[in-house]
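First, one chain by itself in structure tokens, the form predicted on its own.
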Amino acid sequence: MIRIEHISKSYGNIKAIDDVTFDVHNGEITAFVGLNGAGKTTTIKVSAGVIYPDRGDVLIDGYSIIKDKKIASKSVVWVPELPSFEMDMRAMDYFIYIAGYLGYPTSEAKELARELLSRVGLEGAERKRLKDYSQGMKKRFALALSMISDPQNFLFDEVLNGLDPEGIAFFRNFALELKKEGKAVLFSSHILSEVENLADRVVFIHKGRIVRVMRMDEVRNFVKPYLFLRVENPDSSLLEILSKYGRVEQSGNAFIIRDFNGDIGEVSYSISTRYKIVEIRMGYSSLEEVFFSIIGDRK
């Protein structure tokens, strides 16, 4: 379990994060969502023990990342957006080197390398030099390295950036496996559709401060329905009719009724005698819309 307690961090006169507090529970995937520069990476680096906060602390399975760093660091791993390796080394050799640093004899490190590289889909590419790996392969390799010590807690910072759909699907399945194993997973991402697919909870951060923490079922209850309508022959009267059902946005012959409070059949029936309907369907606001709704009064 990761417990982030009132951490603050400044770089010169710039306050990156301010009194950030939230938990990541075992067997849970928590998404960390915010605009660029909101403080996600700083929070994750502090949680990993890479940088120290000005105030506050992070507890990894009950151990302080500041006071008990040696013990706490054994239970948490950080995978950055752009992993850095010795690019001229072969993947197998680099893996054995890192595993050796963590106390594994060479023979055990080789066996573990085969197991973990296969698990992340790099079987057959063990002898390739890391400079010849694609961006997606490098991230998979970083995931394999992250599992060497079998940590309980994982911190993923924008690992989906630059991945193709296959790579995104792989990470999704990988994170769900960690959840099944009872691990605590925190990941930041700009790909909000994946947040909706993966997260049990969402932590929203804006300008260095946590503005809201929501379970995904709360997020789904927070979203509001809208009606999408396209007609061939719109006129000003149609706008007046549709406004009875909510807040109307028009773009050419297409209309979106926000906060829709009617019945799709009723709308269709009431306008079909006068207007030729090309398309009509219900929809629901996305996580992105929820996010901007939450931070709307905090800009």
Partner chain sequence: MRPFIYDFKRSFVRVSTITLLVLFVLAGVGFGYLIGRGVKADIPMKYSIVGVLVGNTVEGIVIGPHGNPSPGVKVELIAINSVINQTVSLVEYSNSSGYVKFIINESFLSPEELVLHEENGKNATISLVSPFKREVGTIILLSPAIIFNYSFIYASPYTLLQQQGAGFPVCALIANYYPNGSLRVYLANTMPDYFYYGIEPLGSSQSSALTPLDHLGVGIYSLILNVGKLTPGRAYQLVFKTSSNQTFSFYFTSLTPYISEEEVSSVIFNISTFVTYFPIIFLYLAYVLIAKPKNYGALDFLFSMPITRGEIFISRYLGGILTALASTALLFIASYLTLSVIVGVTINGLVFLYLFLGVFLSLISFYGLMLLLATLFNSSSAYMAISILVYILFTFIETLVFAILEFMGYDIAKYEAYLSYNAPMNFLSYIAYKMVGASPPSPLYLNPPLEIATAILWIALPTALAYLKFTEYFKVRKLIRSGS
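All values derive from a computational prediction rather than experimental measurement. Residue numbers count along the first chain shown, from 1. For the two forms, the rigid core is made up of the largest set of C-alpha atoms that agree within 1.5 Å on superposition.
As for the form predicted in complex with the partner chain, it is not shown, yet the points below apply to it.
Undergrad: Among 144-152, 218-226, 164-172, 189-197, which stretch has residues with heavy atoms no more than 4.5 Å from the partner chain in the model of the complex?
TA: Stretch with heavy atoms near the partner: 144-152.
Undergrad: With the partner chain left out of view, choose which of 98, 112, 125, 130 has a non-hydrogen atom within 4.5 angstroms of it in the model of the complex.
TA: When the partner chain is considered in the model of the complex, the option within 4.5 Å is 98.
Undergrad: Would you kindly say which of 249, 54, 259, 263 lies with a heavy atom within 4.5 Å of the partner chain in the model of the complex?
TA: Exactly one listed residue reaches within 4.5 Å, namely 54.
Undergrad: Should residue 121 be counted as a contact of the partner chain in the model of the complex, where contact means heavy atoms within 4.5 Å?
TA: Outside the cut-off, so no.
Undergrad: So in the model of the complex, does any heavy atom of residue 50 sit within 4.5 Å of the partner chain?
TA: Residue 50: yes, in contact with the partner chain in the model of the complex.
Undergrad: With a cut-off of 4.5 Å between heavy atoms, is residue 106 one of the residues that contacts the partner chain in the model of the complex?
TA: Heavy-atom contact with the partner chain at 4.5 Å: present for residue 106.
Undergrad: Residue-level question: is residue 94 within 4.5 Å of the partner chain in the model of the complex, judged on heavy atoms?
TA: Close contact exists here: in the model of the complex, residue 94 approaches the partner chain to within 4.5 Å, heavy atoms only.
Undergrad: Using a 4.5 Å cut-off on any heavy atom, which residues of 177-216 would contact the partner chain in the model of the complex?
TA: None of them.
Undergrad: Against the rigid core, is the Cα displacement of residue 110 between the shown form and the other one at least 2 Å?
TA: Where the cores coincide, residue 110 still shows a C-alpha shift between the shown form and the other one that is 2 Å or more.
Undergrad: By the 2 angstroms cut-off, has the C-alpha of residue 161 moved between the shown form and the other one once the rigid core is superposed?
TA: After core superposition, the displacement of the residue 161 C-alpha between the shown form and the other one stays below 2 Å, so no.
Undergrad: Indicate whether residue 212 shows a C-alpha shift of 2 Å or more between the shown form and the other one, with the rigid core used for the fit.
TA: Where the cores coincide, residue 212 shows only a C-alpha shift between the shown form and the other one that is less than 2 Å.
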